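Just one chain follows, in the form predicted on its own, and it is written as structure tokens.
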């Protein structure tokens, strides 16, 4: 008789794992436990599609699919403890469940600024409820302050401007998206925000935040004060590792797993934003990625391996962001590059190839309108996966089809 697989975390990663187990023929009990009252949903639309009112929640699957698949979803409750010896988890209501295999898909939480806890008009954006709350405060005549010039903050800035909200973005580094995006692409995105009337303040820190007369007052390190109706903090995320730490599992910038998503306990797996993993295409370097595709694909891999397969996760990192009419995409890890080669595309779009010291393609990034860059980035993913050493002249020339480089 097959036992029970418990999934701690009911986001994209956990839901993908649950359905993959059934697709692979697992006929034991599957219990997915998550703190949110909603059925699992995609998070990217929360910042990208808020213009559509409250209709931007996109469920991973219809409720009926869980019933048909005999996947038990316990919402509004957390797994709060793991007894590895007894193969049991404790839930927030005090009840216990036994498991044969356990998947930790606990995700990450927003990093907050010290001293802002309890302020009603200083928020973060991670959940659907967060998004609904923020959306209700945007519109004509409102002023939004965004602290942090990363993907989430800038996507929210673009959405807020489309709703007529005045926006100020405060970034402590010298440019936007400095940790994630090459300077050429960041410059293009920054210019687009300036065209839309966003005030962008760079290379300045936040000294303090206070609330007064239903307004938020942000004092900057240089003495200036910015006030608004609402402030949203977008300065990164912290992996939810507390459950694993308390259980004595290995932690290394997240819950440490091997290429098969297995933790230091052979019956406990972890996947998605909460875990760090070795990536063979980059010589086994250990990474932690907050990425929609990574969460989805690692959930699928974890499901296979919980059933006894040996499916190593080795996906090329991939990120994207939609801001106004522009889309940026990144495949691979640009930070490993020592050289960048640029290819001009049509309608102002461009593609950057990032090469390491030996000339290997380790990443590619691009920006353009709509879906103009999607196919090129997908081909670059394949080249990165193949560990290609492309000719630089071929990379620069738009007449050289990337598909021909794959064949080479």
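Numbering follows the first chain given and starts at 1. Everything quoted here is computed from the prediction, not taken from an experiment.
From this point on, the text means the form predicted in complex with a small molecule, which you will not see here.
Which residue, 331, 255, 295, 167, has a heavy atom that falls within 4.5 Å of the small molecule in the model of the complex? The residue in contact is 295.
Find the only residue in 260, 282, 319, 324 having a heavy atom within 4.5 Å of the small molecule in the model of the complex. For this set of options, the contacting one is 319.
Review point. When the small molecule is placed as it is in the model of the complex, which of 222 to 230, 202 to 210, 167 to 175, 149 to 157 ends up with heavy atoms within 4.5 Å of it?
Key: That would be 149 to 157.
- Query: Wondering, does residue 126 line up within 4.5 Å of the small molecule in the model of the complex on heavy atoms?
  - Reply: Residue-level check for residue 126: yes, a contact with the small molecule.
*residue 243 within 4.5 Å of the small molecule in the model of the complex, heavy atoms*: Close contact exists here: in the model of the complex, residue 243 approaches the small molecule to within 4.5 Å, heavy atoms only.
Residue 77: touches the small molecule in the model of the complex, heavy atom cutoff 4.5 angstroms
Residue 77: yes, in contact with the small molecule in the model of the complex.
*Is the gap between residue 88 and the small molecule in the model of the complex 4.5 Å or less for some heavy atom pair?*
Flag for residue 88 set to no.
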